[in-house]
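In the form predicted on its own, a lone chain appears below as structure tokens.
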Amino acid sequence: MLIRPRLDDHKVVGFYLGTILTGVGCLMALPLLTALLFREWPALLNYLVSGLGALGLGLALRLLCFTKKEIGWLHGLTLAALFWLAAAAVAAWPFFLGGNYGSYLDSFFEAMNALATAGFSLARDLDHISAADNMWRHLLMFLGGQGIVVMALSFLMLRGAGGFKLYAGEARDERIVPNIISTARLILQISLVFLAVGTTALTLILRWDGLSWAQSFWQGLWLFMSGFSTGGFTPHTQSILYYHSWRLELVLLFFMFLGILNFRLHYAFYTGDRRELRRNIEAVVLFCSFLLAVFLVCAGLFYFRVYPGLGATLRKGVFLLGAGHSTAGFTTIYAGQFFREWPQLALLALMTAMAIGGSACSTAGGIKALRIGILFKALCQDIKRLLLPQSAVVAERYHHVKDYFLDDKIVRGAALVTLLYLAVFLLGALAGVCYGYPFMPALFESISAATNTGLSCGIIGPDLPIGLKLIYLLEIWGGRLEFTAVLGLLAYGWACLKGK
């Protein structure tokens, strides 16, 4: 029997929503300080008003919905889904007040793309928005890459089962260390260490390439926040093409690949277990898929002479393939060049890499290398069963930090999420076709949205029809949560309507 949520259940949802909104309001202090530093007085007022509004709303919800009831599984899924919507809704306020977006929907689209690390932008004049807005865009992307729930657990004293239910609701079910709070804080610590190192490296490179020290620091900071979080935001409309720097592209590739690795792999490497990178099924799948995709992309580009010479082909092909496979979404060409210049072989390889994405428990999106590896192992297991006698016992294992036996439950879970992604890719593409776009560009854009990649072939922009904006928003939101929490939110709503 379906049980209808009671008042205490609604209070749990409202209380923790208030907590996350309070956190978003506090975070607005950073772009506010940036506005003060750059003397951007209108932006300072926007963030002051928005920050106070978010704090007031969050504190009011916490007061009205105060409860000591423990978080259940359905609460965890519902909260994980609502956290992203509520945080994006409030984070969009200063964007809307700044006047650089055509509507509040466009501002919400920008905030959701930042938090979900999708990287599409609907800014009307990105090259001239305020430093405060750039700080806010990239800060949201950096924090969203680690996960809103991870950020919340890092600062909340929410221990035990309730914390893990929230953590799992964000499509994360892996603990780096046994305690879930310690896991969240360790993820944040790893990211902050990389932030310091990456910002320093990118600042030096940009200074070497001719920018002033101030420009180098701020843009280096923002590019690292975006690159490590596999997001794709930059301070310029031309993305990485603006810089014309092979040094910058090389270092960003390195940080993008750090971003797509499972945080458990980072931890294993830092604790001295170097062999894990060679044995882990995710690392093996990523290595093999990247090499194969690079070969196909560069072979197609070189055969059709898209770029002059092997050097230019490798530079463009490897960087764009890396940006696609990591779901970072940086680009060194104009959006229209994908279908105007790239051959079908290179495009299909890029789209497949975008669909696979990175690792579980990383900053990357996509179906995830772990699921691809599990499905491949399941295929091998079935082939062995066909070839061996019926009496033979076939047990397939895979290594992911430790050895696991492949069972039907694991395979079903991987297959279900993979099928959901494929269905969303197709439905998003059909929606684009209904709005008059060709099927292949519409499929490219749909894959990019659902995997939170942010590479565009020119469809997504400020003039995008409202209906498609809403469809892509749903893809971005659902893809970031790997659909699990979205289904939980729908179940919670259905229980409210039909439960007893």
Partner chain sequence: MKNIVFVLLLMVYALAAPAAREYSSGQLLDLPREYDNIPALYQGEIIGDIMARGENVWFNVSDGENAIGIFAPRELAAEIQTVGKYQQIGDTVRIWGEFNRACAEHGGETDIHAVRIEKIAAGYALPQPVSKFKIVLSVILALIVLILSVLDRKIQITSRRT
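Numbering follows the first chain given and starts at 1. Just so you know, these numbers come straight off a predicted model, no measurement behind them.
Same protein, other form: the form predicted together with the partner chain, not shown, and the subject of what follows.
Student: Between Leu48, Leu27, Leu464, Ala431, only one gets a heavy atom within 4.5 angstroms of the partner chain in the predicted complex; which residue is that?
Tutor: Result of the distance check: Leu48.
Student: Which pick from Gln189, Gln381, Gln215, Gln344 sits with a heavy atom within 4.5 Å of the partner chain in the predicted complex?
Tutor: By the 4.5 Å heavy-atom cutoff, the listed residue in contact is Gln215.
Student: Out of the stretches listed (32-40, 445-453, 431-439, 469-477), which one is close to the partner chain in the predicted complex, meaning heavy atoms within 4.5 Å?
Tutor: Comparing against the partner chain in the predicted complex, the contact stretch is 32-40.
Student: Under a 4.5 Å heavy atom criterion, is Gln219 part of the interface with the partner chain in the predicted complex?
Tutor: Contact with the partner chain, yes.
Student: May I ask you to check whether Val193 falls inside a 4.5 Å heavy atom distance of the partner chain in the predicted complex?
Tutor: No.
Student: Spell out, yes or no, whether the shortest heavy atom distance between Asp106 and the partner chain in the predicted complex is within 4.5 Å.
Tutor: Asp106: no contact with the partner chain in the predicted complex.
Student: Quick check on Arg305: any heavy atom within 4.5 Å of the partner chain in the predicted complex?
Tutor: Looking in the predicted complex, residue contacts with the partner chain include Arg305, since a heavy atom lies within 4.5 Å.
Student: Three residues, Leu426, Gly488 and Cys496; all within 4.5 Å of the partner chain in the predicted complex via heavy atoms?
Tutor: No: no residue has a heavy atom within 4.5 Å of the partner.
Student: If you apply a 4.5 angstroms heavy atom cut-off, which residues in 130-144 are near the partner chain in the predicted complex?
Tutor: Stretch hits: a single one, Ser130.
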